[in-house]
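In the structure tokens that follow, the same protein chain appears in two forms, which are kept apart as structure 1 and structure 2.
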Structure 1
């Protein structure tokens, strides 16, 4: 049972404080803040204990969302709840920041009152909540056309801007007055996270894909939406790996509101989206990549002079030629004693630097077209170099994003709203793949 809920700014200011059970004092906020700021990096941060008081917190939007308890509740329940609370706050207030929380404190108190009673979680569904909530949201930013240019994909924090001209990320869903941007829009995002380990011999050792389909809905009323996925989508480790380009996932989970009666035969998800953001389907694929891994690295590490290591990296992007990878960054751990580095890069928009703190060199490439191959040479000075310290080079880790790409090949065939909306309704479908953990061993 949740005893208290509070929201703190990153500086520890009290933004929201609500006591549900009267069994703890308000001092616990300060106790929590002291504990969380004293936490060192290698301690698990989720659950903290002070005497018989347990704090569970998440960080979102630069704020601490904290629940405290004196009993033995499920940390999953509380973490899930805090994440939902943050998501709802974002839905209701438009964005998630210290300022928007401050401005809408009355609304958030009202939400909390309906969501939790005596520490029991009641509901987190916008559909139910909208029946009870009286307070109007106050948008922290006036709507302006200029803002359109720097709005990202709401589901994934990317810098990629031109995908959909939308104010999705910073608009309260519930505003009834002030018809600002009151467009009938619905967004469907397919987001995949890729984690890959490639052995030193170039063999793919492990590949996992975690994917999800998220929708954000601004339609005031929407009775039913049908999302059509690839017809040849296979689920489970089936033996029929047959001939063609069948798309396969190991396992999938659906939002409670998704109706699956047409899923088995036609791969159609039926959902009545409530306003706001929700994940309708999560899926994963383990140990198999339907396509080649997007990057291959050909490294060579040599001892040059007495105190210098030569690292030559050749990186090839195996995406189709029309696609591009963005924000590619490559991190190579270097020997502990490294003091300085010089580099030869193939184009001026790339950068590379030695990061003495993490003992690694970081090579960044803003755009990397499919089929291209880039190479770079790094000379690292290491006083007192021994043959053993060459072993400290590697493994290489990469991060990147692939817009308009899904590695599983999952596609959305169609998006139908029924009954057909009167007036203009805009439907957006977006795809993106992120690197979750992409490791290449040397």
Structure 2
């Protein structure tokens, strides 16, 4: 049973507040924010208690989504509801941000009125809610196929490819007729997150891949969609049959709406998609990387003069020549007493800076072509430098995006809709790999 639901910005601004039962005062918002900000660390506990009041919250889109209660409901139920509320807000508003919530507050209040009655959850189904929601979404930015400045994955600004579908995917699912939102489209994205640890000798020590197949549907009606995966896809080590073209994952999970009667024999997923965004499949591959690591680093750290450290980094991109890594960021911890830095970079589009608070230097590369090699020399001034201070350099951590790439090799063979859609319907399939944790020891 939910007493209150409220949405706060990262600074504590009150964006949405809904009291269902009148059991608590509005001051509970300030109580919650004071509790969150008083805790150390970036991830406060999901469930917190103040006197006889329980707060359950999640972080989505840089916002706090909070439910308060005086009873003892299942925390997992409330967490699932809050995540679903955030997903519905993104579906109906087009994007998930403080600006979109402010501009669509009336729509969000209407959603809450239909989803919760006197603190009891009624429904979170898009198919049911679309029959009752009447408020039109207000887009924080007009969507245009010719605006390619912010290209992203379902609204996230990843700049993965300069094509119109990425912008189109971030529009609201319910738009006025005659606008761009009226097009019949469906987007299928294969997203992988890569976790890698590379030793100081260049040997791969750990590699994990977390992946998912995510769809966003703008079709008014679709009884069934068939997604064909690699025919040679193997699940679990025991199923690996030894041919070189096999694609393997350790385990996978499916959305409850996915039908698997053709999956074992033909690797076909069948699902009846509702309007909006949903994840139809999640998979994992542990302790193995089917391809070479996308980056190799060749570092050199030495003492120069009395109070200066020379850090030379040579970075090689081992992607295919026609591929490109985007938004590459390299972070190198430096000695605690570092006060200034000068650098020599191999190309003018690169940037580097010393971050005194985190005691690290940041090297950023906006575009890194496959097969290329870049280098940088950093001269860090450290008063009272000692030999022990050199041990404080490293390990190096990287973040990047690999558009049109999957490390597991998972591919979408076909995407078929049944029954055939009347009029023009477009289907888009996209691939992207993100770095979840990419660490290189020096």
Partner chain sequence: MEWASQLCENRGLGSKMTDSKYFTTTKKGEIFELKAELNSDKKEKKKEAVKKVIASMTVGKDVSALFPDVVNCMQTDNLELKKLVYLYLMNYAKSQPDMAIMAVNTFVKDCEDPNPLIRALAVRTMGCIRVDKITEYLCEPLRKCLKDEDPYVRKTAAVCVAKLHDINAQLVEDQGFLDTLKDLISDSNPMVVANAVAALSEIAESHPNSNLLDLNPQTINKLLTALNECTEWGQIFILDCLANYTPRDDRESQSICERVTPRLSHANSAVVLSAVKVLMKFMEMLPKDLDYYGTLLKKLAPPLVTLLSAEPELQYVALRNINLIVQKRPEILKHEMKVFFVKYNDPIYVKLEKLDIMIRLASQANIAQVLAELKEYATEVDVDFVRKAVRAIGRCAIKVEQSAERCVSTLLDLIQTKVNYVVQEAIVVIKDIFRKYPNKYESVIATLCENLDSLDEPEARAAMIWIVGEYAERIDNADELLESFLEGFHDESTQVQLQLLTAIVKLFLKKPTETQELVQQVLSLATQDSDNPDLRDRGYIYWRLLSTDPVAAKEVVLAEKPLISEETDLIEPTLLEELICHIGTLASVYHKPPSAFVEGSRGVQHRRIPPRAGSVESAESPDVGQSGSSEAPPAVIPSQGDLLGDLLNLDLAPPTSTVPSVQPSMQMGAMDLLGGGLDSLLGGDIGGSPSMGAGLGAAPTVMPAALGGAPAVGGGLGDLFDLGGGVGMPTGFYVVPKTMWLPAMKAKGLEISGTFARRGGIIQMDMSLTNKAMSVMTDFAIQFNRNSFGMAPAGPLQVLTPLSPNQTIDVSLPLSTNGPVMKMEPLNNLQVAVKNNIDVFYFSCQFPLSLLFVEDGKMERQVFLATWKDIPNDNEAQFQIKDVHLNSDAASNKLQGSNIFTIAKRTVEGQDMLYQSIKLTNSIWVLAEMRVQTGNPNYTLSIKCRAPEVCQFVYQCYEMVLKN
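For clarity, a rigid core is taken as the largest C-alpha set superposing within 1.5 Å between two forms. Positions refer to the first chain, counted from 1. In this text, all values refer to a predicted model and were calculated from it rather than measured experimentally.
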May I ask which of the two structures is the form predicted in complex with the partner chain? 1
Align on the rigid core first; then say whether the Cα of residue 117 has moved by at least 2 Å between the two structures. yes
Superposing on the rigid core, do we see a C-alpha displacement of 2 Å or more at residue 107 between the two structures? yes
Determine whether the C-alpha of residue 16 shifts by 2 Å or more between the two structures once the rigid core is superposed. yes
Keeping the rigid core fixed, what distance in angstrom separates the two C-alpha positions of residue 73 between the two structures? 4.2
